[in-house]
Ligand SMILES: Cc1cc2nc3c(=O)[nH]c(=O)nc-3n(C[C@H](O)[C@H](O)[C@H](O)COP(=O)(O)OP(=O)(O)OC[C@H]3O[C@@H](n4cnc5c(N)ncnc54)[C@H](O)[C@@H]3O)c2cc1C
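Heads up, the chain below is alone and in the form predicted on its own; it's given as structure tokens.
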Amino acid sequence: MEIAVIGGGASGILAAITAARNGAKVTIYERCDRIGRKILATGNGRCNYTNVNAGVGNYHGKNPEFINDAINNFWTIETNSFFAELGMLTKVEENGKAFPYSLQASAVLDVLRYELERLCVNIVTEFEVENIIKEKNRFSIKSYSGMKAYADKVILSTGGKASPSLGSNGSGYQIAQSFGHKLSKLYPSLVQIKTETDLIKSLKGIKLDANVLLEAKNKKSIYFGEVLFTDYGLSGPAIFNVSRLCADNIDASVTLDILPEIDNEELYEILKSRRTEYRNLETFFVGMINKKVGMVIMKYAKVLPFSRTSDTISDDEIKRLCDALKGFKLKVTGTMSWNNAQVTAGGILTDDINSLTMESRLCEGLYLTGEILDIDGDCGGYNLQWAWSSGYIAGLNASKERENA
């Protein structure tokens, strides 16, 4: 039994290892010059390879419950055991994020490559698939350069459209569609947000923790975490996690609660008490929040000029400052491009995929994994967990069918 894995990313590698462990002859076909490039870039080069708190609530798409069977078969515990068996020591940091102990993404890719070598998995690089055709009970795989390959089963692990420089260019969608699968709308997710910038240009490079509310038409998304101000708008983990709502929405807005641990009434009293502590508005927030952020809040609340002394701030102006700190609102003008996105929102609809096996319901012997499907996760190791799980299930079941043939 020969299995072709199309794509050498996280889900493809896991599928190849699993199938090979079960006796299948496996070949990975990768369009780039090497496998696992996106793995090396994850977690800022540290590879946040899973999140021990992962659950259905961390995933999105038309049917996020599709992952329930993966949760019951190969999830975070099994993932950690898998990597431990390969000799990788791990550590869990805040919010359940799991990393290799060395904090080097190369450690994850290295142990995977060594296992592929041990299992004699064939790896063919610079093989960009043009089309796949099923002829009787075999698949014919043709590359753009004219090379051909054949397999009894195909596992389509080509990824989405995010970060095309790392290997994913969206080509797998057309291949899946050629077998009758339907594709939902695609847009960048876990990506930086563009906003109006007049007020925040001076804040470029400043980070803070905030509650982030993204509102787009009738939808809302709230997330707490780090926010980074940029020259085009906002970045950081909290922004990534709400970005999927605004990619296709020109009417979106993002609101920051800069002091989420202090309620409005308490904040009002704190600001009133500070009126006698500082000599001018420019230094009113010093010791409380970043000085530059404080000056922007003053402008946003229209409490000016900076040359005024703090004892001239009225109670109404104190209220406006409270409202600004708890609700600093910016109009969203879009998101950054696919080149900046970490993951694709949207994909091949899961209606025609068997969640227990990852096999296509439309074409026997064709399996789909990872980002090509209409499943995307929050920032923090969730997308890699889906890649490992879906890859494992596809590899296992493709090779099981070989045994039952």
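This structure is a prediction, so every number in the text was calculated from the model and none was measured. The numbering used is simple: start at 1 and walk along the sequence shown.
Note that the form predicted together with the named molecule isn't included here; everything after this is about it.
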- in the predicted complex, segment of 311-319, 228-236, 128-136, 296-304 with a heavy atom within 4.5 Å of the named molecule: 128-136
- Query: Wondering, does S243 line up within 4.5 Å of the named molecule in the predicted complex on heavy atoms?
  - Reply: no
- Query: Does at least one non-hydrogen atom of I6 fall within 4.5 angstroms of the named molecule in the predicted complex?
  - Reply: yes
- May I ask you to state whether T42 is within 4.5 Å of the named molecule in the predicted complex, using heavy atom distances? yes
- Query: Contact between Q192 and the named molecule in the predicted complex at 4.5 Å, heavy atoms?
  - Reply: no
- Is it true that N48, S163 and E371 each have at least one non-hydrogen atom within 4.5 Å of the named molecule in the predicted complex? yes
- Query: Going through 137-168 from first to last, which residues have a non-hydrogen atom within 4.5 Å of the named molecule in the predicted complex?
  - Reply: S157, T158, G159, S163, L166, G167, S168
